[in-house]
Every structure is written in structure tokens, then in C-alpha cells.
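Below you will find one chain, with nothing else, as C-alpha cells; this is the form predicted alone, and questions on how it binds or moves follow later.
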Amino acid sequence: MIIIPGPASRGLGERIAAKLGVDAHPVEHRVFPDGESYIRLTAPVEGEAAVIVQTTSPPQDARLMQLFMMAATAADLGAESVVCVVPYLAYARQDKRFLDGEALSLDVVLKLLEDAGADVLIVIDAHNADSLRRVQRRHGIRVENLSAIPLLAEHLRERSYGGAYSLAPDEGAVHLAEMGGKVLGGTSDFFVKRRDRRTGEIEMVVKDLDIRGRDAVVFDDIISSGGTMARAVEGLKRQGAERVAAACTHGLFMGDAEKRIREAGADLIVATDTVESKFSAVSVARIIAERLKEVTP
């Protein structure tokens, strides 16, 4: 097995290699003056399982192109199999057309990966796991969707959040809160959105949950602009929560996201290293390494 960290995930790739007890071979990479990427594999891959580790957080287009180039090069150089570890999978939101003529972005990404020679795709907390499963059936690539929520909950439990309420930002993400709740040992629930008739503002509340004086954790797959998480934290504080932690798998933290969440009253912000940031206190290297043992020859 050859671990090949891409330009966007060198640290995570090296941590995965360490978990597996093998060497990491980061690609040689540079950007030309016109913005195009140069990629060169630095280890022979012929007859090997080539494991490419490359997240696709912003700038998504450049990182996806680098991913396609690495996968295609490994396949062209005779790798026995090509496994793409893409912790944060960009363009995963749209798998069906709401308006005529819309691009099916998730379909396009999987097709391009398959055409590049990828045999297996490993992702962490895909934005819509059901959509990913549906789209996968239209392609020959095998997709493995892992979750980092139990790891985040373990981290929080070690920091005295054991027994805290686990909340999801909406009903569609309640499975995240349920996974977190199993580790933390507290109740899990989700927010509902309510519009204030006087102001027209959207308020997020948890119905039938006495949270006054208790700790709470809001689990989500992505924090991007921070608006949803900020409203959730603010809602919990308004309902009397003692401490509130904002936890996510993929911390994009675009613009003033951190400021929004802090000002809403968050006592702790924590994310994983699927996207490297100052909040990446939890590594997904272990669960990826464990799955790689199962999917590689």
C-alpha cells in the first residue's frame, strides 16, 4: 500500500500512514503563473494499492483537478488499485434537478473520479449520505462513507461534556445528534425553525426539552458561513443552557463564521482535520486507516 498525500491533505495523509505503519509519499506540487497545477508522484505505484489523500475544501475546483490528476497518473503508472480518500467531498449537495438544465454536480464528480481510474472513494460525513448512495448505483466506483461524529463526541466527553444534550440543526441531521448522544450519554434531539411574527426573523428552538442549566453540543457535518450554527447556539443560550459546544466534521469557517458563532455564545468550537483549521482538534486518521485495511488488497 502506498499512501500519497495530496497538496490539500499532507498532514492528514502522513497521520494515516503513521497509523498504518507505512511511509507517506507526498506528491511534488507547484502552481504555474497562470494558475494551473503541476503534479508528480514521488514513489513507484506499479502493482500497489495507491491511496490518494486529498480533501476538496475551497478552492474546490483546483483541489478536484489535482485529485483527478493524481488518480489518473496512479492508474496510468500501473497501480493495482486506486483508492481516493476525499475527507470533505465538494459538490456533494446536488444529485437531482430542481430546475430544467441544472447540472448534477455529485454525479459529475463521481463520473470524473471513475473515469480517472479510481476504484474506491472514501469520504467522511457526506452532506447527504442517501444522495451519495443513490448516485453511487449509477457508477462503478465503490463509495465508503464514514462518520467522525463519535470521535468528536469522545473528544468532548474527555473535556467534561459527558451527559450533555446532543442537538442537530434540523430533523434531517438528527442521526448526527443520535450518534453523538450515544457517546456522551445524554439526550439527543433536533431544532425546529420558528418565524417571529413581529420581526420576521427565524428562531431555532428545541421543543419539549428542558435544557436550563445543562450543557449542550450542537453536531453538524459542515460549518461554512456559521449562520446555522450561530442560530442554534443562540437558541440554546436563550433557553438557559449552561455551556454550549459547536462541533462539526468539516470546518470551512468562511468569512466571519467564527465571530458569528462566538458572539452567539459558543463556549467551545471543535472540528476535525478533514479540513485543516485552528479548530481541528480531532483527527480522522484512525477511522480512515481502519477502513483502508478492509478495502485494499
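Note that this is a predicted model, so its numbers are computed, not measured. The first residue of the sequence shown is number 1, and the count goes up from there.
Absent from the display: the form predicted in complex with a small molecule. The rest refers to it.
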Inset, instruction - Would you please decide whether residue 72 lies within 4.5 angstroms of the small molecule in the predicted complex, comparing each non-hydrogen atom pair? - result: no
Inset, instruction - Evaluate residue 222 for contact with the small molecule in the predicted complex, applying a 4.5 angstroms cut-off between non-hydrogen atoms, and reply yes or no. - result: yes
Inset, instruction - Could you confirm whether residue 175 comes within 4.5 Å of the small molecule in the predicted complex, counting heavy atoms only? - result: no
Inset, instruction - Flag residue 127 as yes or no: does it have a non-hydrogen atom within 4.5 angstroms of any non-hydrogen atom of the small molecule in the predicted complex? - result: yes
Inset, instruction - State the residue from 185, 150, 78, 227 whose non-hydrogen atoms include one within 4.5 Å of the small molecule in the predicted complex. - result: 227
Inset, instruction - Tell me, out of 133, 138, 93, 159, which residue has a non-hydrogen atom within 4.5 angstroms of the small molecule in the predicted complex. - result: 93
Legend entry - Listed range touching the small molecule, judged in the predicted complex by heavy atoms within 4.5 Å, from 106-114, 213-221, 177-185, 138-146: 213-221
